[in-house]
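Next up: just one chain, as structure tokens, the form predicted alone.
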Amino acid sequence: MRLVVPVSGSDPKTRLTTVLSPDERRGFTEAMLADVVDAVTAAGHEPDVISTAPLDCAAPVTIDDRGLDPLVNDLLTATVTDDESALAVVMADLPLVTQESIERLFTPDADVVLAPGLGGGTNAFVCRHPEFRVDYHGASIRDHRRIAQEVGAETVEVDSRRLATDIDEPADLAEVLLHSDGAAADWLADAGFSLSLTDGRVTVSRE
């Protein structure tokens, strides 16, 4: 099985612009990527990190400036050619991910295994069906269910909060400090972020 971690390295995490500078967004992206690489490696897999720009990473990084859909679909075409081959894709902004959650992703032997994101995205998948393709626009988990059904792929979904929690918005940062003790949580703490209780909801504040 080939396992790919795609990441936008050129101008990452633009929805965090209100709380992080461009250099900080890049540093935080690298920290989240480190958490994902650590979890994948601990689960016994060697990740192929593919980035739109150079990044500081413990794993080798391949530079590819294509968009996510053409990149992943070309990888599917090249990798999944028969029942013995598989491609796994795990997004780089999942700092809550652990060895155990990665192992859960690989446990089912279905044609397509999907890990939905909380906002309707697809945060990870495993594909063993040569006709399955991706479409990450909009509510991609719905599109991927439909595409898998159209090509006759047996599909299983993994219900995992750690795989479902991707970090895009400022409000998401609280999840990292609440539920992770990895590189991304350390990065936020070093940058002055801490948990704050506002109107009964946990958010973050910055010194």
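Quick caveat: nothing in here was measured; it's all calculated off a predicted structure. Residue numbers here begin at 1 and follow the sequence given.
The form predicted in complex with another copy of the chain is left out here; the points below concern that form.
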_Residues Glu46, Asn73 and Pro130 all lining another copy of the chain in the model of the complex, heavy atom within 4.5 Å_ = no
*Please pick, from Ala153, Cys57, Ile50, Ile141, the one residue with any non-hydrogen atom lying within 4.5 angstroms of another copy of the chain in the model of the complex.*
Ile141
*Considering another copy of the chain in the model of the complex, find the one stretch among 35-43, 59-67, 22-30, 161-169 with heavy atoms no farther than 4.5 Å from it.*
161-169
*Looking in the model of the complex, any heavy atom of Gly120 within 4.5 Å of another copy of the chain?*
yes
*Using heavy atoms and a 4.5 Å limit, would one call Val202 a contact residue for another copy of the chain in the model of the complex?*
yes
*Does Arg146 reach another copy of the chain in the model of the complex if we count a contact as any heavy atom within 4.5 Å?*
no
*Would you check, heavy atoms only and a 4.5 Å threshold, whether Ala189 touches another copy of the chain in the model of the complex?*
no
*Who in 25-59 is close to another copy of the chain in the model of the complex, meaning a heavy atom within 4.5 Å?*
none
